[in-house]
Structure formats: structure tokens, C-alpha cells
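Just the one chain here, laid out as C-alpha cells, in the form predicted on its own.
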Amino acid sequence: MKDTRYIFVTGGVVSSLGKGIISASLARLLKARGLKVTIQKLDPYINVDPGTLNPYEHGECFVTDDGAETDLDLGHYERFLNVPTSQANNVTTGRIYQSVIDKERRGDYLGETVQIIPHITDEIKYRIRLLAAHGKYDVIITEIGGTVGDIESLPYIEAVRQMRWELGNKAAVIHLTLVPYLSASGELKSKPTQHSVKTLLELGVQPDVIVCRAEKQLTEGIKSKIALFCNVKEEAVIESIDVSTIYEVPIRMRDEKLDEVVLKKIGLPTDKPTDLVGWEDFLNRLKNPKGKTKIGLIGKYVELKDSYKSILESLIHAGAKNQVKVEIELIHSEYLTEENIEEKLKGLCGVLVAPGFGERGFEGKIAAVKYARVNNIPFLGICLGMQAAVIEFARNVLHLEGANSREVDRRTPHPVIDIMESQKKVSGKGGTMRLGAYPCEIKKGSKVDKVYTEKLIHERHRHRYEFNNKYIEMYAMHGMHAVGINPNEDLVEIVELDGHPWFVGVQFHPEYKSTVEEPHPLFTAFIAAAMEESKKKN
């Protein structure tokens, strides 16, 4: 087994400071030094996983190759590290308690009274160490969700305290906090950070590094004061000033020597240089586009951008790959109709119909599909977006009156989208969909055949409904072809349209696999097509 080091990232003062981005940035810096790194998220809510959480409540549900429904921060981990995550990378309080209760019911504790300490904390420590079981990683970064002082987070902080004691200099704690700027007095205030660290100290954990989120640059006086009151060296007070894109954060953290400070704390050498040439090239292309294009993202959760986090980031990756600035217009599908569609979508060079569930806003998505199809606007439909494309084609080209998905209308005379056979007897909600990576064979000579470099691809899924193969020949006769098929279950994974510049619908979620180093080819091709449309409009 490798002599694995552990880094814990906690947060204070307020939530949403960016623990996930700091964790991912540090991981990227350590990887750039040749270390094998992974990141896990410990979430304090009692849900077993985010799969049943409303997007308004929690944002996007990210899906891993092995079918885990996880926190959206795992998307950041993969996008920054270019390394797949798994079930073990996201643990919730619900899963911890469920495991402990199952053990108690089996009699594993031999009649002991089951308590927070040691049983819950032991389970947390087991989950933290699980990633190191196969000796695969040099460093495991563990992000603790929530804010220090929250009741829900207390068992996790206690587990960190115990592991610090057990591991000695093989573990370090980074505390992310806020240094607010008060415009009335024109100064930064360190007191919230001091109180946050004091709370952490009361729980028995001394942070080794303090990362300070701030709008303005920290003065040496502020850094000195934080170091003095929080028992850390000045070099371990790291400034994390607001930046224009999250992809600048690794560069800022490198300049602040976060990786160097952390490596010293955990007893690893600092002599290897940090190779971020590829990352800096990506940033250069992102910040210096040679053109621009406008994409409409059609969905029903557009009030909260985190609901489509992976899609938005995938468009950024694809824009940088094409050296194009992608302007994204978020359009609420619930308010789209046949009457206003022209006004709402005019000027777009590409239409992306987003995934989702249920009836609300579905007819608006179908109207957006029709607009893109009829006006030859590049189109990409993802999951429910693909299903909307199939239904729109059935109604307006095949003239199948009342065609629909059984999810929306159980009595539809033409269920061109039907529930999967394997889902018909499923009654529970959590973790019961078709989840994770499945194979797909690409039809030779199709548009997507030119996009993918392989004939057999593997993409991630999250759905219960699927294209009804009874209609497949009818669609082909009229120009919509199934060009991606799951070879094991004969399920339609990709459809595309003849005689259209770019019209592709996919049942899977390509956004889950797009990273800075490897932008997803479907998004790259979609943006390239949108750029051609921009040239026509200009």
C-alpha cells in the first residue's frame, strides 16, 4: 500500500465560498508535480445521495461511470483533474448512518450501544481511507461540506480530529474562509476569519493553511494578523481573490505557493516543478477568442445556473477548443410557445435543449426543437432534449397525432418515447434509474462518426424512458436516423437528421465527461457548427 497523505478542506463564515474549486485547484497543482491525486466530498445532509434532490435545492446531480448520483463538486474534480471519480468519492450522512444501522441490525457490534463516537466517526474514517485501500493514490483530498459550526458537520470534524492525531504529519487541514470588504470603511475585515478558526479550534482541529476568499488584495498587515490570531505561519495564509473564471484559480494558487506550503506540511518533496503548460494554453485560448457565437440553453431550471453546471462548463471547454467566445442565453422552456418562439430564439446560432424530468416546460422544449429544425439552426438535445426532438419529429414530420412520451402522457396513442422494460417494475426513486456508463456503437458514415474517434464509445446515463424501437424504420424513412445503438440492449442512444447542418440528439449525458484537457467531442462539434452559423448571420 502507498504511504498515502490526506488533506482535509473545511469552510467557515458562509457557504458557497468555493471549497470544491480550491480542492480541485490544489489537486491539479499536485498532479502537475507528478503525484497521483483524487478528491472526495463528505456531505452533511441526511439524504443517501443527491439523486432525489430538487435541482433548485441542490443544483445539478453529477453521475459517475459506476452509476453513483453525486454532488456537483465531483464534476469540478473531474474537469480539473481529468480523472474519473466513483461511488467512493461522495459520501453523505445518510449513507454513513444507513451503513452503521445495517451493521447494528446484523449484530456486528455484538450488543454495544451504538454512538456517534466511535461508531459514526469510525464509519466516516473508513470511508475516507477507502480510496487508499488499493494503494493507488499519493494524496487524497477530502472536502467537508457545509460550514464549521454547523450541527450536521460535527461528526465529520471529529473524524478529522481523530485522523490528524492518528496520521501525524501525513495529514493537513486547509480552512477556507471569507475576508469581507466593507465599502463604508474602505477596509478588509479579518474578524470573521478569526472567529471561524476559533470555532474549529474549539472542536480540536488546528488548521495548517488558511485560504482567504476576498474581493480585494490582502495587505501584509491583514495576513500577519490572521497568522498571529490563528496559529499559522504567514506563508500559510493564502489569498484567493475573485477571478473572472474558475479556471484561473489553479494559477493563482500556484502563484500563492499553496501546493508548496501543503507539500511541506505533509512531508512530501517540493523540488519537482509544476507543469501547467497545457492549462495555461487552455486559459490563453479561453481569454483570446477569435470569434464569438450565441447559444440558447433551453431548460426549466434556468433560474439556478448550478442546475446545468456541467453543460455550461462543457460549452466553455468547447469554446476554448474552437477559440470562440460562447455567449450563453438561458431560456426558460415553460414560457416558450409556438407564438413567441421566433422572438425568444432569434439571433441564436445554436440551440441546446437540456435534460430534465416531467411535464412542466416540456412543450416549450418541443417548440424550441421545431424552431431549430425548420430554421436549420445547429441543435443538440441531451436526454429529455433528445426525446423532445423525437416527439417533435413524430408530430410535425411523421404526422402521428398525439405522439408523446409515456412519462408525460400515459395514454398517448403513439408512445415514441416509452419506459424501458427494465424500469417497469421499479417503484423506488433513489438510485433506480439507468445510471452510469454504457457502451454505444456508432453507425459508420454518420455525422457523429466523424466526431468520435472510436466506433464503440462509453457514455453516462440517467434516465428511465427510451426511444421506442417500434417506430425506428418510420423515422429512418423520413430522415431521422438512429446512429448510436447500445449493443447489449438494442437501445437507441443517438439520433441525427438528414439535410440539416447539425442536428443531433443523445440519450446520454456527454457533459459529464467533458474536461479542460479533453473537451467532449460532441460539444466541440456543436460549437464548431454554431460558429459556421454565426458566419452566415454576419
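Don't overthink the numbering: it's just position in the shown sequence, from 1. None of these values were measured; they are calculated from a predicted model.
Keep in mind that the form predicted together with a small molecule is missing from the display, and what follows is about it.
Asks: For the chain shown here without its partner, which stretch in 153-161, 74-82, 132-140, 376-384 has non-hydrogen atoms within 4.5 angstroms of the small molecule in the predicted bound form?
Replies: Of the stretches listed, the one contacting the partner is 376-384.
Asks: Looking at Gly361, Gly356, Gly145, Gly296 here, can you tell me which has any non-hydrogen atom within 4.5 angstroms of the small molecule in the predicted bound form?
Replies: Contact residue from the list: Gly356.
Asks: Just give me the single entry in His119, Arg462, Lys344, Lys321 that has a non-hydrogen atom within 4.5 angstroms of the small molecule in the predicted bound form.
Replies: Exactly one residue meets the criterion: Arg462.
Asks: Answer yes if any heavy atom of His509 is within 4.5 Å of a heavy atom of the small molecule in the predicted bound form; otherwise answer no.
Replies: Contact with the small molecule, yes.
Asks: Verify the contact flag for Glu407: yes if a non-hydrogen atom of it lies within 4.5 Å of a non-hydrogen atom of the small molecule in the predicted bound form, no if not.
Replies: Flag for Glu407 set to yes.
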